[in-house]
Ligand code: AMP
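Here we start with a single chain on its own, the form predicted on its own, put down as structure tokens.
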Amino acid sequence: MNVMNVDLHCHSTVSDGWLEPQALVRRAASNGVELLALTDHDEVRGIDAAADAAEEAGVRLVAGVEISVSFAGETVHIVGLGIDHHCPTLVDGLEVLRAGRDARARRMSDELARCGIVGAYDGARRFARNPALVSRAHFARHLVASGLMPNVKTVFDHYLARGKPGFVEHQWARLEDAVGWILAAGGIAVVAHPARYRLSAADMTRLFDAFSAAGGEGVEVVSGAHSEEEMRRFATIARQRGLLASRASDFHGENESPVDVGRCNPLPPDLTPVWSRLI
């Protein structure tokens, strides 16, 4: 089962990806992906279009979502896999999260204006196909297109990461609520790209303790954001905690993502893949 080409985390234009859902599925198919999850940020409205394209392309699609959570002063992402994306509990929870995103985007624009970067909100919106989901990635693309920075990573490093001039604090969902929405929708909750979080060892332990207590079951061992050492670290955590292991590129676009859809490392063979519960 581990030899399947599986990618259970990627993004479309419905959140902050560059490709429309149909084009994303076609790219995945051309890369040999057999099982694909569309996991847009706090949004599920691309799933039906992706499902139609997946049927045409011969790819099995998993309905998914990536939910933003506030934990220990950090933004943590929880992926839901195998969800009923029409579940009212999930849909209503995501709607509340999206409502807060626009206010956050306007505050980010105000902070950037204090640095002399005027009109960033309108610029970011031009890159957001979904007006309810103006994200840091859209601000970064605007600054790159404006010639202020050479690439998206540099924008984050200089302006949008924690402690930088354009970063603003925001209260996302509670961990227990996010996992609860996923469970209500019949899905499996997975901690996304855990190596990205600036959490102490104690807070990382607290995160996984609280996640498991809420009913979470999986962790992205393989991620486009993970080094080989980080992959080994979270493989060990998966073994110790009895967590299902996921494989995910976190693909956003060809020129922004370190790993193409379907092209990330394989899972260590002794781990139980999360997709054993999805197929």
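Position 1 is the first residue in the sequence shown; the rest follow in order. Please read these numbers as outputs of a predicted model, since none were measured by experiment.
In what follows, reference is made to the form predicted in complex with this ligand, a form of this protein that is not presented.
Trainee: Can you pick the stretch from 130-138, 116-124, 180-188, 81-89 whose heavy atoms fall within 4.5 Å of this ligand in the predicted complex?
Mentor: In short, 130-138.
Trainee: So which of 206, 106, 164, 153 reaches within 4.5 angstroms of this ligand in the predicted complex, heavy atom to heavy atom?
Mentor: None of the other options qualify; the answer is 153.
Trainee: Would you say all of 16, 41 and 252 touch this ligand in the predicted complex, counting a heavy atom within 4.5 Å as a touch?
Mentor: Affirmative, all three are within 4.5 Å.
Trainee: Report whether the minimum heavy atom distance between residue 101 and this ligand in the predicted complex is within 4.5 Å.
Mentor: Heavy-atom contact with this ligand at 4.5 Å: present for residue 101.
Trainee: Taking this ligand in the predicted complex, which residues of 209-234 have any heavy atom within 4.5 Å of it?
Mentor: None of them.
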